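Next up: a single chain in structure tokens, the form predicted on its own.
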């Protein structure tokens, strides 16, 4: 028996071990370079600080600082207030947006719905508008000097202050809801379209009315899609940046640390990179804890764990 025949099984076993790694490389290399690399660099940067030798105008030197930047962030009342602000924002805005997206998707999924393609496009269209443009457009509608909405409400005796301290957070929530409700609706609608028709037909034959069919049959079956969109929304809430940053130019009620990402951006703009990195890592950590906690809660609630 030749040596090549004897080694053939060994080569096949070696090939079966190498093949999965070879198939993973096209994903693994960009993942490490684009995702893990920046996170790792931010973590290292957050553990450092810049000191100047020989006074304020001395040569800057980067030194190891441990968790000093994190202690500074957690004792920063502005940053803590921004975290609490976006958490309040998310508690109100995410359920409202998800409710609108679910309701529209259920209405479009009914057999009596007309012009489905047009209505899907109409609801989804705001998502195609850049966030800066959407914020500017709504900023004009909020501005009492320009807004026809404010003028109309004042004509009937109402005096809304959409850019005031008490309302600005919910004015931002309105812009975010207007932009992303259609995006979530498309995901939920796609899940509805994938439901087995025999289950819906059986429920109809058993006498399920449209409302019962929608909320007792369809909604439980599309729970994974609802959880997915909710997780996306939770992560997006803590990344709230574009809308308040744009509206900041037309109102003084939004500060440079109004949201956590604005606080990190403000620190980076002031060349305080280590502190900005620490804020970014904290934001990522809170996003992970909230999204993972929500997934665990929904999994336990559905009884699948």
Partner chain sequence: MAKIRRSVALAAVLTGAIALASCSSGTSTTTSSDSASSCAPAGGKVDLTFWNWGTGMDKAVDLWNEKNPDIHVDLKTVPNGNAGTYQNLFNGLKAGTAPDIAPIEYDTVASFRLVNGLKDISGCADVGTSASKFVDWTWSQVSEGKNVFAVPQDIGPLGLYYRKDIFDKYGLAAPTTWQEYYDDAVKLKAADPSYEITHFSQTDPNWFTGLLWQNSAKLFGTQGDKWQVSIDSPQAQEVAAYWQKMIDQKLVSTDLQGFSEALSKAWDTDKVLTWVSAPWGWSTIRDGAPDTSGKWAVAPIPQWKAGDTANGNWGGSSTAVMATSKHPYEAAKFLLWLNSDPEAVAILIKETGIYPASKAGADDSALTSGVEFYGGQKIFDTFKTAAAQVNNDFTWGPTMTDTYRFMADGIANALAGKGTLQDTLKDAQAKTIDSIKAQGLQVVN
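Positions refer to the first chain, counted from 1. Note that the coordinates shown come from a computational prediction; the quantities given were computed from them, not determined experimentally.
Unshown form predicted in complex with its partner chain; subsequent notes refer to it.
- Checked against its partner chain in the model of the complex, the candidates 146, 202, 88, 223 yield a single residue with a heavy atom inside 4.5 Å, and that residue is 146.
- This chain appears without its partner; in the model of the complex, the one residue of 106, 123, 135, 97 with a heavy atom within 4.5 Å of its partner chain is 97.
- Between 114 to 122, 211 to 219, 192 to 200, 178 to 186, the stretch whose residues reach within 4.5 angstroms of its partner chain in the model of the complex through a non-hydrogen atom is 178 to 186.
- The three marked residues, 110, 291 and 297, fail to reach its partner chain in the model of the complex, with no heavy atom of any inside 4.5 Å.
- Interface membership of residue 71, defined by any non-hydrogen atom within 4.5 Å of its partner chain in the model of the complex, is ruled out.
- The shortest heavy atom separation between residue 129 and its partner chain in the model of the complex is within 4.5 Å.
- Using a 4.5 Å cutoff between non-hydrogen atoms, residue 65 does not count as a contact of its partner chain in the model of the complex.
- Although the partner is absent here, residue 50 sits close enough that one of its heavy atoms falls within 4.5 Å of its partner chain in the model of the complex.
- Of all the residues from 153 to 171, the single one having a non-hydrogen atom no more than 4.5 Å from its partner chain in the model of the complex is 165.
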